[in-house]
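Here we start with a single chain on its own, the form predicted on its own, put down as structure tokens.
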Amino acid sequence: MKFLLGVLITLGSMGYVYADPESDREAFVKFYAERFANVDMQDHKDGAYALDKAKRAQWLEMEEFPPYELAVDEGRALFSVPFSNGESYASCFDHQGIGVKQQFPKFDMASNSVITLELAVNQCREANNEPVLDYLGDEMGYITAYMAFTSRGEHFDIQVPDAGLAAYEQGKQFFYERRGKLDFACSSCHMTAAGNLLRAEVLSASVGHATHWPAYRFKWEQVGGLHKRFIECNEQVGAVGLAPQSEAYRNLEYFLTYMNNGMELNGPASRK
């Protein structure tokens, strides 16, 4: 499997695309099913709490009064505020923006690029002559937390059309490619070392990584999106964190979310 992934990454870097997303996903799921044979695949939506019984019990108690609850309430209020032209977020999304997070990220034929939920929120604002939001700011976190909350119980069904294969392949390459002073890839922690301890924390499996964002992290003391976590991970291995919603991170999210197809959404979530 490692040899095959290495070959695909090499070919992708040479400009060729030999992507078979569904075969990739099946191999991805099989890897975790064999590594964690006693864990139901759907339980990985809870991240490391699927692998650590003691911390899972603490986390479930905390979920009775979750720290992201206020963010969801703030997001609900912000989502309903009309723009200056009388339109609203509801006019920009299917089903008026309710229960649509499982559609994202998606490949957009018109722009020939991956559109994440956060990018779609700002595109909606731009289309209605409103200033864009800071991708790492509270307001973006609140709005996407509310939208994620309305999609709880839905399942990812991300599509990769032929035109999106290059973006998918670039995201896959990013996931498996080593970088930084520590020479780590995303897969180093979340495949090779998944289930092991890093300091005092159990490393989660990537098979559930896209399900629960945005998340309230106690380290951040705020709700933040998946790209904030990408930036943090890159910096932790001694690499340069890219800008949120950069093409590389959007493609990484595209690949990672496709790997999570069939998984139940349960965002927003709380994490340490």
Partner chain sequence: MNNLMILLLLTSTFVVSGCSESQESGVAAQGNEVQSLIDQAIAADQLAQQRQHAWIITDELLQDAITAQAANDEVAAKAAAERALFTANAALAQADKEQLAWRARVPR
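Positions refer to the first chain, counted from 1. Everything quoted here is computed from the prediction, not taken from an experiment.
Keep in mind that the form predicted together with the partner chain is not shown, yet the notes after this line are about it.
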*Report the stretch among 118-126, 182-190, 104-112, 73-81 that approaches the partner chain in the predicted complex to within 4.5 Å, counting heavy atoms only.*
182-190
*asked:* If we define contact as a non-hydrogen atom of the residue within 4.5 angstroms of the partner, is R178 a contact of the partner chain in the predicted complex?
replied: yes
*Would L242 sit within 4.5 Å of the partner chain in the predicted complex, counting heavy atoms only?*
yes
*Does E235 reach the partner chain in the predicted complex if we count a contact as any heavy atom within 4.5 Å?*
yes
_in the predicted complex, F174 touching the partner chain (heavy atom, 4.5 Å)_ = yes
*Even though the partner chain is not shown here, does it sit in the predicted complex so that D46, L197 and R199 each have a heavy atom within 4.5 Å?*
no
